[in-house]
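One chain comes next, on its own, written out as structure tokens in the form predicted on its own.
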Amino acid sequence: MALNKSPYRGTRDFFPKEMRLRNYIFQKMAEVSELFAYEPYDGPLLEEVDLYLAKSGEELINEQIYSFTDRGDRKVAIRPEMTPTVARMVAQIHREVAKPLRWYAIPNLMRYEKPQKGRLREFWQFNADIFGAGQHGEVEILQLAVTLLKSFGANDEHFEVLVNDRRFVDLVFEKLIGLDPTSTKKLYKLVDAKNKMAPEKFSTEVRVLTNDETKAKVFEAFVGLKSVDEIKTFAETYLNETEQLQPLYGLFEKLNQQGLTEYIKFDPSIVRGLDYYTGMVFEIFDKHPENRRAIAGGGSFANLLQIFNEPALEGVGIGLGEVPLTDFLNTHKLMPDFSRPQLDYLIAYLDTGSEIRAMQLTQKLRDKLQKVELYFGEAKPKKVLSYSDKKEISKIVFISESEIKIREMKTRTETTMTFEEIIEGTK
């Protein structure tokens, strides 16, 4: 029986064309991170399942994790996310290093999910985290996220960042609504799914869970909030204590001072599903009607290091998957054309006596960090030009015993040059 040539469901083969695209995205992620003084790190592909049991959501553990028992009878998992790993690593060294600590990674992750648009089982995800910076870290992560998307040519017409605060959510859920833990968890999930439901269905579900018309109306007032001013009015009406709202007010004041309010909006439906978030949470949404979905998310987590018996250290992070980012860029026609490889030079020799000189010129240009392909075998100019149509080449060099001609592909002009003039003219 012949083996299946297709990759495992939910994974991909990256042929050179796809790798050109992926490398472009990864390069932007690294460049922007390093502009903000974030340093690269990585961790192991396998982690002990206990690491995720300690803080990740039940859905991730029960339904999405790839786990198995290794030969040493240890329960391990292919990493489904990166935040627990970075917390484990920071727990090892945070006492000895200067803070804030800024790190970024682009890890390979796997989750057992139903493959669909914008979501696969294997994916790469940009992660950036800052530890020990308080609210300054929240502002900086949001700045970094906006700057990264802008580096691809996106603007506020293409995306928006929706922000909430889990302290405010907890205040409403626990003090105003006051349900038992099981119902409260269901209410969290209901809010998380609000934007995917019809308003009538959402209203019905709220009343089923609260079993109280007054609480249902308060809750619907909460999920209808659209600005900080509306939050203040809500707090004056329903809340006796507002101390937990001060961080949210302060965050939006700082974002306004940084000129980010055209991108960032308050949205009470943003609660994030993972259990370790304790402060500001956010999701970045594509505004295009054909791709209206979250492409990234993150938030603040204060207690992750405590699972390693270390003192609390506030961290803030973002996760941006390359699959939804690619869909976003394609939807808005922001992705460059990677259909052909890009070369600085194609060098062809027109007679066998010129082969050595062609090889020498190829190496000299590579020494000057030029991307150069050597056309093998005695070449015919027409065949070389036909071959070059499959690639994006800046210049073609034709070498014969009598002369060297360099053809500029943009202008379709040819110039006779010496070996030395080509080398000296390379920037």
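Please read these numbers as outputs of a predicted model, since none were measured by experiment. Heads up: residue numbers just count along the shown sequence, starting at 1.
The next section is about a form of this same protein that is not shown, the form predicted together with another copy of the chain.
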Would another copy of the chain in the predicted bound form be within 4.5 angstroms of a non-hydrogen atom of every residue among 127, 198 and 394?
-> no
Would residue 246 show up as a contact with another copy of the chain in the predicted bound form if we use heavy atoms at 4.5 Å?
-> no
In the predicted bound form, does residue 307 have a heavy atom within 4.5 Å of another copy of the chain?
-> yes
Residue 366, heavy atom within 4.5 angstroms of another copy of the chain in the predicted bound form = yes
According to a 4.5 angstroms non-hydrogen atom cut-off, is residue 103 in contact with another copy of the chain in the predicted bound form?
-> yes
Out of 159 to 167, 249 to 257, 227 to 235, 172 to 180, where are the residues with a heavy atom within 4.5 Å of another copy of the chain in the predicted bound form?
-> 249 to 257
Answer key: of 116, 240, 92, 214, within 4.5 Å of another copy of the chain in the predicted bound form (heavy atoms) is 92
Answer key: of 194, 272, 332, 121, within 4.5 Å of another copy of the chain in the predicted bound form (heavy atoms) is 121
Taking another copy of the chain in the predicted bound form, which residues along 62 to 78 bring a heavy atom to within 4.5 Å of it?
-> 62, 63, 64, 65, 66, 68, 70, 71, 72, 74, 76, 78
